[in-house]
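Have a look below at one chain only, the form predicted on its own, in structure tokens format.
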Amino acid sequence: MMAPFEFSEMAGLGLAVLFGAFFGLSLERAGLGDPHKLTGVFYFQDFTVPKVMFTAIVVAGTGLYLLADLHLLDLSRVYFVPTFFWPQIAGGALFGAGFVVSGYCPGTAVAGLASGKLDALVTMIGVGAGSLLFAVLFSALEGFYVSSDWGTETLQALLGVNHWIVLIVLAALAGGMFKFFSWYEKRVVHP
């Protein structure tokens, strides 16, 4: 199976920069360069972040599998991050703590800096320092880092169901979550 479009490495990098710029612009226009909006979910005041994240997951997943089913995309050429269960749980907890403390994730920090927020620069320096510290300590952490290797596991493979079943359930859960968030915001946040 061959994809209809093949790009040179330079063209691919150019497209990545172009799409990244549009992604950053979209983050900023959605207000996700504002740390108060980002941390609002932790205070049960603003649910923009989970709405955007679940929308992106459902749309991207639907697009990927639709293109694959139409034989326009070879999924064997798409990189899936391998699952290392416990290390990824620990990394997610560290990421979440950094998110709560700074009000930014790495992508929104770049969007915040582009709009002139200096606290976003501090976050980016912290991300860089944390990455450097991890690189320095990697040999001591490597045993844990490669523990609980599940390979490139997907939810549909783990459950043994078709990918459309997973996407339909995920879309239904997202829709229910959006409905609950709207109800909660009308009843509790802005009565």
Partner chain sequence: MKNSRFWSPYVAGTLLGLTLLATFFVAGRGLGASGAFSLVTGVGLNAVTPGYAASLKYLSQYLGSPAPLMNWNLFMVIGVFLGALAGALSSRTFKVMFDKGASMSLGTRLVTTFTGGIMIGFAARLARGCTSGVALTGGAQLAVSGWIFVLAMFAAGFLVAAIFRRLWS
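Numbering follows the first chain given and starts at 1. Since this is a predicted model, take the numbers as computed values, not measurements.
What follows is about the form predicted together with its partner chain, which we do not show.
Proximity of G12 to its partner chain in the model of the complex: non-hydrogen atoms within 4.5 Å are present. Heavy atoms of R187 never reach within 4.5 Å of its partner chain in the model of the complex, leaving it off the interface. Contact annotation: G20 falls within 4.5 Å of its partner chain in the model of the complex, judged by heavy atom distances.
Using a 4.5 angstroms threshold between heavy atoms, F178 counts as touching its partner chain in the model of the complex.
For the stretch 87-109, the set of residues having any non-hydrogen atom within 4.5 angstroms of its partner chain in the model of the complex comprises P87, Q88, I89, A90, G91, G92, A93, L94, F95, G96, A97, G98, F99, V100, V101, S102, G103, Y104, C105, P106, G107, in sequence order.
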